[in-house]
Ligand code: IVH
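Quick setup: one chain, the form predicted on its own, written in structure tokens, and binding and motion questions come after.
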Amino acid sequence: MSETRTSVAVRERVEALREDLRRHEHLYYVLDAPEISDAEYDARMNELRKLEAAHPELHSADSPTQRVGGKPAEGFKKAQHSRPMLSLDNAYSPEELADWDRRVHELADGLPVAYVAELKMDGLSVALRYGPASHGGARLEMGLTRGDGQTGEDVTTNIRTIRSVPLTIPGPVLKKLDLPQSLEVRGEAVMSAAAFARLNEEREQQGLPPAVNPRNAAAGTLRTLEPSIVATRRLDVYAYFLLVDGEYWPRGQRATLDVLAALGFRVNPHRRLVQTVEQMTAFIDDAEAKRETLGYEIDGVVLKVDAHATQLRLGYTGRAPRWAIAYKFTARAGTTKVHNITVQVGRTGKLTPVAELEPVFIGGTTVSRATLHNADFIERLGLKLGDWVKVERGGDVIPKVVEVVHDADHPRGKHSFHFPTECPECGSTVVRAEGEVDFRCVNADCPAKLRESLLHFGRREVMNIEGLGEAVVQQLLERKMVRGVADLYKLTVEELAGLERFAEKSATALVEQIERSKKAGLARVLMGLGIRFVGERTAELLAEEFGSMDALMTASADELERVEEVGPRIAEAIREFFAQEKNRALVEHLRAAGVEMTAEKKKRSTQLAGLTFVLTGTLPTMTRDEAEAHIVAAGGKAVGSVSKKTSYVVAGTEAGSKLDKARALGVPVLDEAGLLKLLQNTE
């Protein structure tokens, strides 16, 4: 009996300590309002650790003592996102913001339009999944990085060390907010300025080079294989999205942020509901003025349509939501001297001049090289070696020279730069096609083109070959182990183990990555080939339309132009690429290596071919995107405005001016049932 009473007492004490520590973690790490000293907190944590050690049957994965638990990981597994983590389109001026606002109002078609303005934190996007826990609560089950937007790395063990991330959400809180036990929170993992300064002090003491900026440091920390190291770096996660059943919470963005705070997450307090471009720019100006005093890095402001119904109507492009945009702050700039100009050769053979600079610190990064775009740009600037120039980090990322600075303190250089007539890598004559600004090397065997092609082929968003970085590629080329991207599939563990800083384990891992890439799919292979103008979205559309590499290679220009978003220029680039024997040979070499070159062909009817549809209002059972997808799949075309050439207007509830215009022009009007009947007749 006495043992039972002791066990109950211990269990109650353990639960009380856990609850108390969770409360103080929230006060300290989320609300910045501590109530006890660090010594008191440590004393309670130590008591809990001793009790759990003495009573292993009371172990719980969501105990505060487990935040720094876990042995070093051997690598990160990958997991599919519940829904894609998309990028945002950017605006760089009030005029671009006004254009976006106009488009939103047009596409909203009468639905309410107001925006939530939030700071654009400069960190690493993460997705946090919670599942059912005891007593009706929720517990952290998985933490993922953004990865390629479709698949992320499972960094759960490291996420658990971040004290602003709740390990559990109490059942009463979920019940009060009418939320299920399974949900997902998305946000930004960031490193504060103070934590970044501490990190660089430690690196300096260890004789290591300083970290470049807090964003890179946060990303590197979250992908560190030792959780205890992650815990010492003191990352934070600021939450901004809530998903239930894989869908955004339907009560709107402003309510979402309030609910995330109520759930115990850190939510940035600098946010505001705005309706006009003037109110947007006022918030942006205010944010930029606060930028240096926030204690963490921001690189702009994000504007999101508040109402969920309006978000659904606006939908998405291939890579970004139409209902959100990132306003990027004016690029940070510095003035420095040009010592030399070198020329880089890209994978398409394009020659790009690069300014070699006196190192200058701009926006948290030391810049020693900056792009000069092309020969015409250098000529327009009148740039000479030895000139002083203004350098900007475009979008706070890519350094570029924007102007020559010439005054009493910055004398002009003396030596002009002459663009090379021969490729700096292989010595072949460079050419400049009529109507183009770029010089190109046309030598198919140019080593620089091959190096860039290999790096491009292995990128995460292309064939996703982890470990195929610059150092490895350079050694493969120097040792003549590859003469084309298809040769990657001939590499063996024994060959790779002979590379500098490579061992059998890392060689095996790279071979496994290369082998796995064979199943990447037709769209990614198309991207990997490096066809001009064929990016991720176009590659996906081509794969869906043709279903196989063979069908695409033999397609006519007319057939190519029937594909959504493929115009004459893209069609011509595809035809030119496959007209070259060496490119067809590359495809065959990849095929022989076992690379899959097929995709599930999107079934399309031609029954609605030639018919144009305009959708307006809210349909009973389908979103606008779903209705448009059905129309396109049946061979029809969905457009945004009504004209005499419109075949049908599909109208739902709260239909706006488009319905009035259709009636005035005598355009036939369908409801959802009428559209479904028309679609059924095409099957």
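Keep in mind it's a predicted model, so treat the numbers as computed, not measured. Numbers for residues come from their place in the sequence shown, where the first is 1.
A second form of this protein, the form predicted together with ligand IVH, is not displayed here; the remarks below concern that form.
A.B. asks: Counting heavy atoms only and using a 4.5 Å cut-off, do H24, S63 and R163 all touch ligand IVH in the predicted bound form?
C.D. replies: Checking in the predicted bound form: none of H24, S63 and R163 is within 4.5 Å of ligand IVH.
A.B. asks: Taking any heavy atom pair closer than or equal to 4.5 Å as contact, tell me whether I574 reaches ligand IVH in the predicted bound form.
C.D. replies: Although ligand IVH is absent here, I574 would stay clear of it in the predicted bound form, with no heavy atoms inside 4.5 Å.
A.B. asks: Would S368 sit within 4.5 Å of ligand IVH in the predicted bound form, counting heavy atoms only?
C.D. replies: Residue-level check for S368: no, no contact with ligand IVH.
A.B. asks: Should T224 be classed as touching ligand IVH in the predicted bound form when contacts are defined as heavy atoms within 4.5 Å?
C.D. replies: It does not: once ligand IVH is placed as it appears in the predicted bound form, T224 has no heavy atom within 4.5 Å of it.
A.B. asks: Is D236 a contact residue for ligand IVH in the predicted bound form, using a 4.5 Å heavy atom cut-off?
C.D. replies: Outside the cut-off, so no.
A.B. asks: Please pick out the stretch from 115-123, 592-600, 288-296, 148-156 that is in contact with ligand IVH in the predicted bound form, where contact means heavy atoms within 4.5 Å.
C.D. replies: In short, 115-123.
A.B. asks: Considering ligand IVH in the predicted bound form, which of W388, F241, Y489, W100 comes within 4.5 Å of it through any heavy atom?
C.D. replies: Selected option: F241.
A.B. asks: Give me the residue from V267, L88, A523, M553 that has a heavy atom within 4.5 Å of ligand IVH in the predicted bound form.
C.D. replies: In short, L88.
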